[in-house]
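Here we start with a single chain on its own, the form predicted on its own, put down as structure tokens.
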Amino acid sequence: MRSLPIILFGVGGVGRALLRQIVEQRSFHALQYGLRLELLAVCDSDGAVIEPSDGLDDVLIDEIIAAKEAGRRLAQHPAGGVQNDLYGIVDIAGRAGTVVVDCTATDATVPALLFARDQHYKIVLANKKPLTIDQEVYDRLTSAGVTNGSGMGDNGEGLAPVRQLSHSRWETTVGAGLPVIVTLNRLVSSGDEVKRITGTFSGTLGFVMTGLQEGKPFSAIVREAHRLGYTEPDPRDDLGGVDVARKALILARGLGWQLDLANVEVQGLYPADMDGLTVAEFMDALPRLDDHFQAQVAEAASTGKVLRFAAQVEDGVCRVGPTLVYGESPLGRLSGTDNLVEFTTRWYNPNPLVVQGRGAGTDATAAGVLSDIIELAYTA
């Protein structure tokens, strides 16, 4: 039986689901792959449980899951302790072949991730932020070589990067468990020219757009999404479109484009003068936007189109915001909280290559992370 050592950053919804799936799939991984995933360290924002010799046993893993679901910190766990240095944990607990998994939502993990790469450890990211800060950080974490054919051409089009063999995976940073990154990488590797990427990357905003198409007031839809837990505690975190912009940037960088988040054109679903309101005030002010969105939906319908919150990566430009699309197009037929990505390329043209399915949820995301880990187990 081969052991694969793992260090996990983040024990929120996705991190806990990942731990649960690792335990549940023990027998399958042993029978199918002769593999045991060995957790050397599990870390939250200020604490960690570490067992660098034999790894955490399943009873302890279950206790960690229960403690986190009860709102407790790992620093207070009987087997845990205070940690303020993920870099140090990687240094202490890591060993040859370690996979460092980042299921947080912060760029504070970057120093530890870069150190892990310097140690020739492997990396799996569900966290978008390390891939959407400095270009140099993206290149180092993804092993995207900048040797030639990378960056922006004279005509503004992205040229494919020349990649080294990557010891990193970041599939779940765009579309949760959907195979978006691997599809992009296969297109790039084949030499197919990717002319345009369009898609909807937010189940929350998909829910909002579907409600608008059904004739519901914008304010009522947002309130319902908030009540159902589809939005963040502050709905502006979803409605502003920044999360979608990060995903679009990751795809653009996957094409070799040298762009930063500030270069992504973002049009959110509320005006800037609502930024200073409290959450309660914002929710109370939502009805003032109802007429605006009703008019947009009516205008779209008059030309056979529908309104979608979409990202577009084309001609060296990333745009994110409300977009009119034909009702019979793949994006136009999309409903509910599914995500969809269209790749229009030299070979997939005029009909694009479409990836569609559940694009959110802790279990689906964790399953994608687990798949990335298993894949890296067999990468030299």
Ligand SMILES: NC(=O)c1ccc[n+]([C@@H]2O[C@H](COP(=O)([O-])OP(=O)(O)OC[C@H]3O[C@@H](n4cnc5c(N)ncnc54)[C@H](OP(=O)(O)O)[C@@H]3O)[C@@H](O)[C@H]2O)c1
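One rule holds for the numbers: they count along the sequence shown, beginning at 1. Because the structure is predicted, anything quoted here is derived from the model rather than measured.
Beyond the structure shown, there is the form predicted in complex with the named molecule, which is absent from this document and is the topic of what follows.
(request) Spell out, yes or no, whether the shortest heavy atom distance between residue 169 and the named molecule in the predicted bound form is within 4.5 Å. (result) No, residue 169 stays farther than 4.5 Å from the named molecule in the predicted bound form.
(message) Although the partner isn't part of this model, could you tell me whether residue 68 comes within 4.5 Å of the named molecule in the predicted bound form, counting any heavy atom of the residue?
(response) Heavy-atom contact with the named molecule at 4.5 Å: present for residue 68.
(message) Under a 4.5 Å heavy atom criterion, is residue 105 part of the interface with the named molecule in the predicted bound form?
(response) Residue 105: contacts the named molecule in the predicted bound form.
(message) So in the predicted bound form, is the named molecule close enough to residue 187 to count as touching (4.5 Å, heavy atoms)?
(response) Flag for residue 187 set to no.
(message) To test your reading of this chain, name the stretch in 127-135, 203-211, 233-241, 252-260 whose heavy atoms come within 4.5 Å of the named molecule in the predicted bound form.
(response) Looking at the partner contacts, the answer comes out as 127-135.
(request) Identify which of 356, 25, 371, 362 has a heavy atom within 4.5 Å of the named molecule in the predicted bound form; exactly one of them does. (result) Comparing distances to the named molecule in the predicted bound form, the residue within 4.5 Å is 362.
(message) I need to confirm a contact call. Of 83, 183, 294, 219, which residue comes within 4.5 Å of the named molecule in the predicted bound form, counting heavy atoms only?
(response) By the 4.5 Å heavy-atom cutoff, the listed residue in contact is 83.
(request) Could you list which residues of 1-35 come within 4.5 Å of the named molecule in the predicted bound form, counting heavy atoms only? (result) Result: 10, 11, 12, 13, 14, 15.
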